[in-house]
Structure formats: C-alpha cells, structure tokens
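Take a look at this one chain, the form predicted on its own, written out in structure tokens.
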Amino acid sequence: MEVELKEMLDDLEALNQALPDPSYKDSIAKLQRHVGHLTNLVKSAPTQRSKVKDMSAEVVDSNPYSRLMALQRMGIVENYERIREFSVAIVGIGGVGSVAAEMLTRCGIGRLLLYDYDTVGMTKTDAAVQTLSDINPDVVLESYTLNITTVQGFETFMAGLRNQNFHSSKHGSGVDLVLSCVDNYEARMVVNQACNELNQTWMESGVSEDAVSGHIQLLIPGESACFACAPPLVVASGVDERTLKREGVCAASLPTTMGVVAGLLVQNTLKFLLKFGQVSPYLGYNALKDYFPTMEMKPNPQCSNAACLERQREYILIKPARDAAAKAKMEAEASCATECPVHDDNEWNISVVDDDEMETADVLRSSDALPEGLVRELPSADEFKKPPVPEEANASIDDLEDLRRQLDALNAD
C-alpha cells in the first residue's frame, strides 16, 4: 500500500508539472495533501508479523505459539502442532461465529472456511478475513458470501466442503469439522442435510431469544441424533418459525452469553480435533443460574431425513468392530498403567508417595526444631497436657474427707 501511494504522489507531481493551466494546481495540491495523509496513516499502522513456518515451544516474545505448545509439554495434548493440519468451516459469522473464528485463529488452526450472506458495510466474511489475517497470518482463510438456503448456495456450500486441496491425503470431505453458528432453523436444517449427505461430523450452537441461555451439540451422522431426529417443539408442531417474528421486535443480544457459548464451542472443537479430554455430546448453559446441563441423544430410527437413516444403517454395521477395537485399547491402557511406573522419569521431578509416607512426613515435619532465633507463637499439640489441680480444690477435697470421717464417727456412737 505504501508503495502504491508513493507512486500516486509521483504521478500527481508529474501531472502538476505538465499542466500549463494554473487553475488546476490547487486541486492537484489538495490531492497531494490527501495522499500524503494516507501515506502517514499507513506508516503508523501496525505491521503484520511474518508467517511462522514451524510451531515451537521456545518461550520468547517473537514466538506466538509458546503458551499453546506448553499444553503439549504439560501432557494435556499429545501433539499440538497437528492443529495446522485441520480445516474447520464456520457457517454464520455473527455473535457466536465471529468470536469462534477469532478463537480458532488465535489457536493456530490450519484453515478456516467462513460462510455468511450478510453485510456490514462490506461483507461479513471479507471483514472477518481482513481482521483474522492481521491476528494470525499463518491461517488459511477462505471467504464465501452466499446464502446456503438457496439451491445455488447449497451447491457451492457442498463443493466447498468437498474441496480437498488443503489436505489432499485426507479421506472423506475436505474439512474436519463444520461449526453451525446460524440463528434460524432453516439454515440449521441445510447444514444438517449437507453433513448427513457427506457423512460429515459437525457441531451446532445457539443462543436463546432472551440471550440468557445457549447450548452446543456434537452431531455425528448415524451415531448421534441429527437435527431432524429431534426437531424443536415449535417446528414439530407444524408452526412456521417465520410467523413467530414480530414486526419491529428483534431478539435480545448479550455479548457475554455469546462469548461463553463460542468458548464452549471452540473448546469442544479443540478436544475433538486434538483428541484430549472428554468431548461433550450436548452442553447447555443457563446464565441466570450458572447451570450447565449435559445429555446424549441417540438417532431416531424413524427420522424424516433419508440421508440420516442411511448413515444409521452404516453405523450399525461397523459398530461391533469399533466396540471391539475400543475394548482392546482400554485393556492395553489398563495393562500399561499397572506395569509402567507412574512418573518414572519427568522433567518436573514429580513423584508419587504412599499415604502412610505422607503421614510420617507430616509427623516428622511437625517435630522439627525451628532455626535459631525463632519461636513458635502457639504451643504444639504435645504441650497441651492435663492442667494441674489448683491448691484450693485440693483443700476442699480434704475438708470433705474430714467431714465424712466425723459423720462416720457419730454414726458409730
């Protein structure tokens, strides 16, 4: 940009010298001042960092991935650098989708496909690409400004998901996960249809109309319920959702709720892609009570979606082999856990001790003498001995014994 502006200044100066009519000089001078101001703005703008070829755990200011790679060093993630191999499609770049896109960009995702048809001065997807490329130039960003609920839009959406140019060796579709961040049932059903046809795993998210609750949901075709298996009550009742919108009234919007839902969505995405922790099949969020309900929904054998029924039949055929492989893996891990010593060799010098050893260590620690010049403010437990009986109490006891002897003597007489 700076080079183009300099060339424009040179052209204006040449034009100023070539024009014999002095009446144009004021206009040219005004243009020169304007271009000069733009040049100064470009010079003062922050420069975009250069691309990083390989992720590194080296803790230096120039390394944007040091804290992310620390997850690998701490044993949370086996190989964090694999995140660069993954492609994620985000449908809907609004309150949830835009935040989710930024989070994944900061995490160093390999490729993001952004879908939206709305504009905010410029198209939402182009604006997002412009912002995200400044945040992390290492991420491959693709902008698709289209409405996926139209016939042409749906075909373009399907073609984008099938495109394997980013990772040609990958089997199946060209993306690893689709994130639905749309705000209407019709668009969700389109994403559901595309993912069922492609056997594509996806995650759905949503925020309630009053903006104080939301949810995320993992949908694996054939294995879990698709969006048509258990439609919302309003839709199942045959009510057109478009008739529910009142003229001049819009849904509430609370950035905090959308940020929480986006965070849960991306966290679940990272766990799914990088294979760590437990991936939530469904996770709700109630902001008024800070309540996070979870559940798991099985596919509906009478689902109205033909592609979903086909995926269910395929899953039933492969399920026995998958269960056997999962059982063998669990047994192997259990065997390794009993045979291999825990923390046999680690860079943090962590060791596991028996509970009896800890109690003994606590006793020894409590009886250790303090360094010279220090005293304990409170006495130790050993110093709390039985208090001595006061002399007055001893005297009263003797008086009672003497009185008893006198009474015994009187009774004897």
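One rule holds for the numbers: they count along the sequence shown, beginning at 1. Given the structure is predicted, the values throughout are model-derived calculations rather than measurements. C-alpha atoms forming the largest set that superposes within 1.5 Å between two forms make up the rigid core.
Here the subject shifts to the form predicted in complex with another copy of the chain, a form of this protein not shown in this document.
K.L.:
Please tell me which of Gln152, Asn165, Thr256, Ser304 lies within 4.5 Å of another copy of the chain in the predicted complex, judged by heavy atoms.
P.N.:
The residue in contact is Thr256.
K.L.:
Exactly one of Leu71, Leu146, Ile135, Met297 has a non-hydrogen atom within 4.5 Å of another copy of the chain in the predicted complex; which residue is it?
P.N.:
So the residue touching another copy of the chain in the predicted complex, by this definition, is Leu71.
K.L.:
Of these, 84 to 92, 319 to 327, 209 to 217, 154 to 162, which stretch puts a heavy atom within 4.5 angstroms of another copy of the chain in the predicted complex?
P.N.:
Looking at the partner contacts, the answer comes out as 209 to 217.
K.L.:
Is Ser280 close enough to touch another copy of the chain in the predicted complex, meaning at least one heavy atom pair within 4.5 Å?
P.N.:
It does: once another copy of the chain is placed as it appears in the predicted complex, Ser280 has a heavy atom within 4.5 Å of it.
K.L.:
Flag Asn268 as yes or no: does it have a non-hydrogen atom within 4.5 angstroms of any non-hydrogen atom of another copy of the chain in the predicted complex?
P.N.:
Flag for Asn268 set to yes.
K.L.:
Using the partner position in the predicted complex, report whether Ala230 sits within 4.5 Å of another copy of the chain, counting heavy atoms only.
P.N.:
Outside the cut-off, so no.
K.L.:
Should Arg313 be classed as touching another copy of the chain in the predicted complex when contacts are defined as heavy atoms within 4.5 Å?
P.N.:
Because no heavy atom of Arg313 falls inside 4.5 Å of another copy of the chain in the predicted complex, the answer is no.
K.L.:
Taking heavy atoms and a 4.5 Å limit, what residues of 289 to 321 are near another copy of the chain in the predicted complex?
P.N.:
Heavy-atom contacts to another copy of the chain in the predicted complex: Lys289, Asp290, Phe292.
K.L.:
When you overlay the rigid core, is the Cα of Ser27 off by 2 Å or more between this form and the one not shown?
P.N.:
The answer is yes; the displacement is at least 2 Å.
K.L.:
Under a superposition restricted to the rigid core, does Pro64 display a Cα displacement of 2 angstroms or more between this form and the one not shown?
P.N.:
No.
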